[in-house]
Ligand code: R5P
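This document starts with one chain, in the form predicted on its own, laid out as structure tokens.
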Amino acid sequence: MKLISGNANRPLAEAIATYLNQPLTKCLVRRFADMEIFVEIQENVRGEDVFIIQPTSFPTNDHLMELLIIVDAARRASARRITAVVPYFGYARQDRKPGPRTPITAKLVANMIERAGADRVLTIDLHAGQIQGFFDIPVDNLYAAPVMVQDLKRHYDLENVMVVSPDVGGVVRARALAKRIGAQLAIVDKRRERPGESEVMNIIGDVHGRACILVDDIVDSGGTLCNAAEALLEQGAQEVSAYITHGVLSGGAVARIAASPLKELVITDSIQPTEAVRVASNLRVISVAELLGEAVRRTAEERSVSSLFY
């Protein structure tokens, strides 16, 4: 087995390597003066089972190109099998045509990863499950829920917890987490009555006196999350926290969340946390390194990874 890391999330790759007691393969990933990416794998990988750890987070295009070039370098170096470990799959939100003359970019990215030479893909909490079908190679879509459940058990009295989906589209994900911890489910129904008017948040479920946990796969601007927290507190919730797998947190999202009524926002390290995230008082990061490391080990040993989904 050989583990190779790009520049997108080196600390996560090192944590996975530590879990597996396997050093990262020496790999030079640098840029020329015009910002072209150059890759050189500095160890022999001929006949090896190669795992390339590279989320395609901001700057998405740079990190995607790094992934593709490292895959190509490994293929040309005669690696036996190449697994792209992409904890956060960028462009996943472009999984369908929302209107005429628009692309399905998630499918394009899947094609690129395949054509570069990847034999498998390992990821966490795809925004849309059907993206697995965009690939003609095996895709293992792990869930961060087991890691979140462990953290919830350590920090909350589950008897008083209510899991909340911040929108109707995330109900399946929220219901799955609620089932794991034996909690009830509520839904935030978000709608705009007329153009130009602010969104109205209707809460489906009785949240009065409950510790509400908002659950989603991605937090980007944080606007929906903050509005949902306010709506839940107005309905009598005792407190509101959020557990989100991928902390994209673009623009002023960290400041918006820090100033919001959210007790805390818990994200995973699928995307490398910025300095702003690390110093924010109500943001906390939990690691998926052991989850990914175990999936890598089982893949290398040709063992089932399905038990990691539960």
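Numbers follow the displayed sequence, beginning with 1. Just so it is clear, the structure is predicted and the values come from calculations on it, not from any experiment.
From this point on, the text means the form predicted together with this ligand, which you will not see here.
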Spell out, yes or no, whether the shortest heavy atom distance between Asp217 and this ligand in the predicted bound form is within 4.5 Å. yes
With the cut-off set at 4.5 Å between non-hydrogen atoms, does Gly129 touch this ligand in the predicted bound form? no
Is Pro138 part of the interface with this ligand in the predicted bound form - any heavy atom within 4.5 Å? no
Although this ligand is absent from this view, report whether Asp167 comes within 4.5 Å of it in the predicted bound form, heavy atoms only. yes
Only one of 141-149, 99-107, 204-212, 221-229 has heavy atoms within 4.5 Å of this ligand in the predicted bound form; I'd like to know which. 221-229
Let me know the one among Arg175, Arg93, Arg81, His155 whose heavy atoms come within 4.5 Å of this ligand in the predicted bound form, would you? Arg93
